[in-house]
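We begin with a single chain expressed as structure tokens, specifically the form predicted on its own.
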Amino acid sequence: MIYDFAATAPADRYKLLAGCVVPRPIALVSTTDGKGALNAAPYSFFNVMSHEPALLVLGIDQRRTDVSKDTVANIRATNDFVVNLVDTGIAEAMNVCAIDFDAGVDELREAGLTPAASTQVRAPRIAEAPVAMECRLMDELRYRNGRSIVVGEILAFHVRDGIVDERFHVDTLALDLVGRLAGGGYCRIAEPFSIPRLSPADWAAGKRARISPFRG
């Protein structure tokens, strides 16, 4: 089956992208407005894009056709934000933050989450999150229908104690992160596996037949 996106309705494009590009990490983004009022909202059109410089990207739609979401408005006002990753312990609270509250409502309070002071930006991190990335706005690309692609530089990286060892190796299972599927679907990392990277010599020697985790 092939779909010509020029002839596919935007809502149907979303279903294809959200249903096939899975699982997606969830960015629970905490921000403040110019007066210091807090906001938090989850986004799954998100990922890291570079380590040097350390960059991540958020895809954010408008609240309505003529009104930007609080997240974008706050980032524009303050030039900073925090991306908090979501584990099973705060998954339900994250879902509360997704409610389309009126502007000015403190989603963290509604969800029972705790704001904690950041070290390099004004926006707070979420104390219960296993990972929090303090970010400075680097760029914003604005597209038709109000879609924004926000590029942030990661200035500070908070990780729950006991997750990272002295060699900076991360215990992925201990993070217990939640991934986004389509609709109301989510997933957990339950059965990780490794595929060693092949060198040209490995390939030439036929080692692919002996190291694939998918071969019985």
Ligand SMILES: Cc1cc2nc3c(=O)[nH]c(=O)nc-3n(C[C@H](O)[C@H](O)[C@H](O)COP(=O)(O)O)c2cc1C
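None of these values were measured; they are calculated from a predicted model. Numbers for residues come from their place in the sequence shown, where the first is 1.
The same protein also has a form predicted together with the named molecule, omitted here; what follows describes it.
Chemist: To verify the annotation, which of these, 113, 121, 94, 133, has a non-hydrogen atom within 4.5 Å of the named molecule in the predicted complex?
Modeler: The residue in contact is 94.
Chemist: For the chain seen here without its partner, which of 165-173, 151-159, 54-62, 187-195 has a heavy atom within 4.5 Å of the named molecule in the predicted complex?
Modeler: After filtering at 4.5 Å, what remains is 54-62.
Chemist: Can you tell me if residue 117 lies within 4.5 angstroms of the named molecule in the predicted complex, counting non-hydrogen atoms only?
Modeler: Residue 117 lies outside the contact set for the named molecule.
Chemist: Wondering, does residue 177 line up within 4.5 Å of the named molecule in the predicted complex on heavy atoms?
Modeler: Contact check for residue 177: no, nothing within 4.5 Å of the named molecule in the predicted complex.
Chemist: Closest heavy atom of residue 80 to the named molecule in the predicted complex, within 4.5 Å or not?
Modeler: Residue-level check for residue 80: no, no contact with the named molecule.
Chemist: I'd like to know whether residue 98 contacts the named molecule in the predicted complex, with contact meaning heavy atoms within 4.5 angstroms.
Modeler: Because a heavy atom of residue 98 falls inside 4.5 Å of the named molecule in the predicted complex, the answer is yes.
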